[in-house]
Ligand SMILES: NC(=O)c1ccc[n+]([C@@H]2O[C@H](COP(=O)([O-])OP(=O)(O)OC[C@H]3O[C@@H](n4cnc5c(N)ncnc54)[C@H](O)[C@@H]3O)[C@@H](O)[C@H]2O)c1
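Next comes just one chain, in structure tokens: the form predicted alone.
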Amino acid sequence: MLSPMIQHVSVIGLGKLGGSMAAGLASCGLNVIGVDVNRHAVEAVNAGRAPVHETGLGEMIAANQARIRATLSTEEAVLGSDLSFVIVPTPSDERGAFTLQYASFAFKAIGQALKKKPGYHVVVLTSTVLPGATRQGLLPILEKESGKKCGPDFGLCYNPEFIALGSVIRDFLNPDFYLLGQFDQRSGDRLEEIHHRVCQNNAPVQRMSLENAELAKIAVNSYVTMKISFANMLADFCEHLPGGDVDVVSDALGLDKRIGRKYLTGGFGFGGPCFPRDNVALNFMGQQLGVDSRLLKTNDDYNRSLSKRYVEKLQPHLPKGVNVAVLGLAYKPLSHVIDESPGIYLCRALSEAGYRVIGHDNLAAANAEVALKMSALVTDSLDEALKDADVVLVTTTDKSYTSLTADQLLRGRPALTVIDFWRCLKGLAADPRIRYVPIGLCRDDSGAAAGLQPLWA
């Protein structure tokens, strides 16, 4: 006998991913109950507003308000739904592992609710964890608190998402693939049913054990970070080749189906709330299990060294005592997040090297001001950032930077140095008033040719 189609789901945790998932699920016709410990987030959703800042979230919640409500009560949400997504923080500890403090709290509340629920319910962990955490760390909590057994009485799955801040809703509805770790066939079937109703691009579903899915999640992110670091190394190589251009080289590599072009744009290091910590966590796992994971540690060390290395490498373009403007403090464009941001690290490295630094970001200025209070001035006014700058460093491809003209940068001054990490202002190279320094492009063909001679002579 087929199970009835799921119509009611709950989302426990209404942060950037949880809030966006709730809105995305509702937009596909499901009735959604959101849960959060933050009363303001609950009130926002019930008023048809976004609980957090994320592209398109407010509009999608408002458009689907009839199918979304929020509560402070996990019990209410579990009793009123057939499947619960759990999306709570799993912060890194001092070892690099992911802690289960918030997940354990959520699973305890879910287990207590399951004790009162007569029917079958599927619990889906979406938060990133290390292998073994779902089955060994969290499942026992559900069984203890509910007095029930996983399998016959309730289901359990691990279902992480691969999203980027700023495009969470789009990524959730249009994934490359759907990673589904299942306790058993029944729980996996119920979760896959939800996927087919929500997915807009017919993405494939990869079903596997809980542990394989937990490993696959952090492995994907760790692999991407190595690709980014490889591209940054290529950019360095290209600066030493006559006519060297990392974009030309990357375009060629990207045509190879074994490699692909995504994340192969050399420029600056990786950052954000996921990539660095997932790479560190996988290395921690390797150390604990006796797996040789030095590759991951080397990648992390390389990435963290970039800011200081760039300051050293760019010394000829950074005379002592000059005012340096760093444009881009979030870890990526269109974000207010500064977690592990290369722009933040660069400001600190410049300050330690003795430069006067002013940082600018349209969205992340408030967060960056706290992080850089001992290292740099921070402003959300581009005019203020450029006013007294002798050298301008462009660290993200925010449209407000990529559209800058020579006159807007110069502001009546006779000369200016622009260091462009992403080669997004190549037109400036033709202006004699600007000393344009693109990362990943050769600027001295004759010197580069001489440097190559020992390789073949």
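Numbers for residues come from their place in the sequence shown, where the first is 1. Keep in mind that this is a model prediction, so the values were computed, not measured.
As for the form predicted in complex with the named molecule, it is not shown, yet the points below apply to it.
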Site check Ala22, Ala26 and Pro175: each within 4.5 Å of the named molecule in the predicted bound form by heavy atom | no
Interface check vs the named molecule in the predicted bound form: of Val198, Ala349, Leu306, Ile163, the one with a heavy atom inside 4.5 Å is Ile163
Exactly one of Ile169, Val280, Leu363, Val88 comes within 4.5 Å of the named molecule in the predicted bound form through a heavy atom, and that residue is Val88
Partner contact check in the predicted bound form: of 32-40, 425-433, 412-420, 60-68, the stretch with a heavy atom within 4.5 Å of the named molecule is 32-40
### Message
Against the named molecule in the predicted bound form, would Ser81 count as a contact residue? Criterion: heavy atoms within 4.5 Å.
### Response
no
Exercise. Would Phe237 count as a contact of the named molecule in the predicted bound form, using a 4.5 angstroms cut-off between non-hydrogen atoms?
Worked result: no
- Message: Please determine whether Leu17 contacts the named molecule in the predicted bound form, using a 4.5 Å cut-off between heavy atoms.
- Response: yes
Inset, instruction - Consider Thr128 of the chain shown here, and say whether it contacts the named molecule in the predicted bound form, taking contact as heavy atoms within 4.5 Å. - result: yes
Residues in 90-108 that come within 4.5 Å of the named molecule in the predicted bound form by at least one heavy atom, in order, are Thr90, Tyr102, Phe105, Ala106
